[in-house]
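The chain below stands alone and is given in structure tokens; this is the form predicted on its own.
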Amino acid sequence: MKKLKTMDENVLRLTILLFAFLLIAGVTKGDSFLKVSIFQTMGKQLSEYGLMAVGCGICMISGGIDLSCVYVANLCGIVAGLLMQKSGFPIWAAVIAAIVTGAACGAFNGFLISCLKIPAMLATLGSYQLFQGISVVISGGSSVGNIPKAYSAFGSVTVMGIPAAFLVFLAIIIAMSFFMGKTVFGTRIYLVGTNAKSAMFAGIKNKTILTGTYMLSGLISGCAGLLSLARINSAKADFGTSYTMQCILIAVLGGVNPNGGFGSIPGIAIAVLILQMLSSYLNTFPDISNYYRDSIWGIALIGVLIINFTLEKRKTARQAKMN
């Protein structure tokens, strides 16, 4: 109950921050920022790296990390694109093949981490090079285009003015919130992340939990790759290389503890909205080059880590005094 209350407080803080930033952006750049078209564009863009951030965040809750999310997404997009190019190959079958590919990539990561005991950072760092290499080989090093219009049209579809991609993002957020908060498997992910040895002594099969966690991350990344394929009508092995830093930043900003055992999917979702609004807000300043973006994300990540560390230290000190 205490952990749940802390999560609710974190979501409340993020919600206040979101509306405060929205107010500042509206006051300073109202004419160029508060437009329906701007919010629709944001909804399409954030859905892709937002899903990758969810997958990365779930792995961080388990006590690990997934640095391969972007390249799993690219590989899945390329697989789907190549299959859709084949005459007579059903679009739905290509979508399923892409999702299965994502789950298989995640299972491979889980095997390296849970069975071979390779540290998650090193395992996924190596696997992302592997997945990128496979993507380059099967795509011939070029973009995979000529996607059927029946599929690429999904990238521009709106439902009552809301992009369909954003609705997919919301659906997965709701599903993952339920999964992590209400199911036994989700609870065990938190337990493994909190203390893997204690979880093992409690009868939890850590290998199964970790493998399933990374499979879930790969599956979600596969969905992100499919959304990207629909939006830009192509897939490439090195697309979205800067998304890795953003995924980590979003997870940490959303309240996920890098050491594992703490974090919530709603917190990650709100952090995605904040980061996308910040990115769109920076676009309204022509003097700020896109080349500065990575530096801004890096500074923001370090700042959030310092703030979280300070708050956690104060919280521990208060609890020690009470005891």
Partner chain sequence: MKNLMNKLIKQTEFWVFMIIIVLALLIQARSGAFFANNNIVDIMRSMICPALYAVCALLAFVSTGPDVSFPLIAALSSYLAIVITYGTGYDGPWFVVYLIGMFFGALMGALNGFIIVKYKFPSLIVTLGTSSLFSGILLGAFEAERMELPDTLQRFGSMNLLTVSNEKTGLGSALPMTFLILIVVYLIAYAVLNFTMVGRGVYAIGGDEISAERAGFDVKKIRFGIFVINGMIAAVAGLCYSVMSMKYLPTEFAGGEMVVIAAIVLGGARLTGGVGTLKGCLLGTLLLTMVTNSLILAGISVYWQKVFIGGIIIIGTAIPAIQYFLGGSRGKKVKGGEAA
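Fair warning: this is a prediction, and the values are worked out from it, not measured in the lab. Residue numbers count along the first chain shown, from 1. Think of the rigid core as the biggest set of C-alphas that the two forms share within 1.5 Å after superposition.
If you look for the form predicted together with its partner chain, you will not find it shown, but the lines that follow are about it.
Novice: Can you say which of 226-234, 76-84, 244-252, 212-220 gets within 4.5 Å of its partner chain in the model of the complex, counting heavy atoms only?
Specialist: Going through the listed ranges, the match is 244-252.
Novice: Taking a heavy atom within 4.5 Å as contact, would all three of L22, F89 and A171 count as contacting its partner chain in the model of the complex?
Specialist: Not one of the three qualifies.
Novice: Quick one: of A93, L116, V157, A175, which gets a non-hydrogen atom within 4.5 angstroms of its partner chain in the model of the complex?
Specialist: Here the answer is residue option L116.
Novice: So its partner chain isn't shown here. In the model of the complex, which residue out of V100, A107, L167, I134 has a non-hydrogen atom within 4.5 Å of it?
Specialist: None of the other options qualify; the answer is I134.
Novice: Under a 4.5 Å heavy atom criterion, is Q129 part of the interface with its partner chain in the model of the complex?
Specialist: Heavy-atom contact with its partner chain at 4.5 Å: present for Q129.
Novice: Indicate whether its partner chain has at least one heavy atom within 4.5 Å of a heavy atom of M60 in the model of the complex.
Specialist: Output for M60 is yes: heavy atoms within 4.5 Å of its partner chain.
Novice: Give a yes or no for T28: in the model of the complex, does one of its heavy atoms lie within 4.5 Å of a heavy atom belonging to its partner chain?
Specialist: T28: no, not in contact with its partner chain in the model of the complex.
Novice: I306 versus its partner chain, in the model of the complex: is there a non-hydrogen atom within 4.5 Å?
Specialist: Taking the distances in the model of the complex, the answer for I306 is yes, it comes within 4.5 Å of its partner chain.
Novice: Taking only heavy atoms into account, state which residues of 65-81 are within 4.5 Å of its partner chain in the model of the complex, ordered by sequence.
Specialist: Sequence-ordered list: I65, L67.
Novice: Note yes or no: does the Cα of L282 move by 2 Å or more between this form and the one not shown after the core is superposed?
Specialist: Moves: yes, 2 Å or greater.
Novice: Checking T15 here: with the core superposed, does its CA move 2 Å or more between this form and the one not shown?
Specialist: No, T15 moves less than 2 Å.
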